[in-house]
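First comes one chain, alone, set out as structure tokens in the form predicted on its own.
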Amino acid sequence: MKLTALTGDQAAAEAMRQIEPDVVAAYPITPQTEIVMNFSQFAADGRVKTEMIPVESEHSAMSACVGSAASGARTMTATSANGLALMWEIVYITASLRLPIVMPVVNRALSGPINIHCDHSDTMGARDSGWIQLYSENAEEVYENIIVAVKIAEHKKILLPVMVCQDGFITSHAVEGISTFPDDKVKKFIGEYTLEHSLLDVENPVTYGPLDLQDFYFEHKRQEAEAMKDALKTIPAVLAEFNKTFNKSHDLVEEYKLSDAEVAIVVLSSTAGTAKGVVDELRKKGVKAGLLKPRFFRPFPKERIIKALSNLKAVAVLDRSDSFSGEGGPLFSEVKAALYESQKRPPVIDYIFGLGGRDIFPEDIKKVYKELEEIKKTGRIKALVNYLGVRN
């Protein structure tokens, strides 16, 4: 491995270069643009043999990807926010057709009002579309998650598309030292891709995208649901192979100082890094603080989350998006629902934070841990859903 200074977007493009998909169809949108810009430069310089398809919109990008993947070509794209929203129809079609497309998504607030900075409203809006979702803490994870995503998507027991998410500007445009793998090692790990039922196999004709009314639609949706359940069982083996190959420690979730913790935060992506620093600081002061970072949000690793949180005295979930249900954010809803099945259920509260790119600071996170300490002592919750760092 060699250490290279890259932004999160450049790390994504570098992973794509090493994967060298057969087709990339994409449309630029801030803050994702640099992914396809850098990758298209690789194509122009002859460093990849990928067929680059410039299209007129994100809807067209995903439509082209569907045609490409259905023909048996390894296919990738990338997007953000309003671009993902414009893909919406085809995003659902992609998962329904069980096409293993991998798409880096740079998280950005979904309009309106118009905002180009980070929150998770875009991918959380697509959480029930049938795509697997990975969330990345830093550029290193972006790079590694994209490589392992290809192996996950194309696994014969999974065959579902994958979004690899990173925080817009916070991760996508910040430069970090990335340990990249040798090209040949990446190629060997992902292997060759062959589609069992290709649209171009004239000897064994198949139909993609048929009209599917009452007779079979329900059964096909059930198959999709079962595929996601099976993915939860299969992904750990893929991660174990990745870890053995590249000497890494990827898992469905990351537990940080949770083994003896009494209070903990659950949070996705880059904020987990900030929270780890707060945990270290509080530990020095005698506070038994911990952190749980789900790497996968779809499929939702329920059993791992129950095991990680059940013995705590109080838990706070930090959501970088709001579901507008009046009951908190999407991560909070999922964690709370998971713990319902646990015999040991700690009090759980939610904090909505960082919408539209609003900064979250260590002092903000300390306030959350302070609230958890109060709940631990008194057993009383002042407010189930809270808003962190917003003006009243």
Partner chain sequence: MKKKKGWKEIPIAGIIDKGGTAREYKTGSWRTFKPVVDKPKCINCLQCWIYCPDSSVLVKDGKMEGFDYDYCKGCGICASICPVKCIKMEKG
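Positions refer to the first chain, counted from 1. This one's a predicted model, so the numbers in the text were calculated from it and none came from an experiment.
The same protein also has a form predicted together with the partner chain, omitted here; what follows describes it.
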Against the partner chain in the model of the complex, would N115 count as a contact residue? Criterion: heavy atoms within 4.5 Å. no
Heavy atoms within 4.5 Å of the partner chain in the model of the complex: does F246 have any? no
Is there a heavy atom of D128 lying 4.5 Å or less from a heavy atom of the partner chain in the model of the complex? no
A261 within 4.5 Å of the partner chain in the model of the complex, heavy atoms: no
So which of L159, L232, V278, I147 gets a non-hydrogen atom within 4.5 Å of the partner chain in the model of the complex? L159
Please pick, from L110, L97, L282, V238, the one residue with any non-hydrogen atom lying within 4.5 angstroms of the partner chain in the model of the complex. L97
Going by heavy atoms within 4.5 Å, which of 212-220, 247-255, 170-178, 313-321 lines up against the partner chain in the model of the complex? 212-220
Could you run down 180-217 and flag each residue that has a heavy atom within 4.5 Å of the partner chain in the model of the complex? H197, P205, V206, T207, Y208, P210, L213, D215, F216
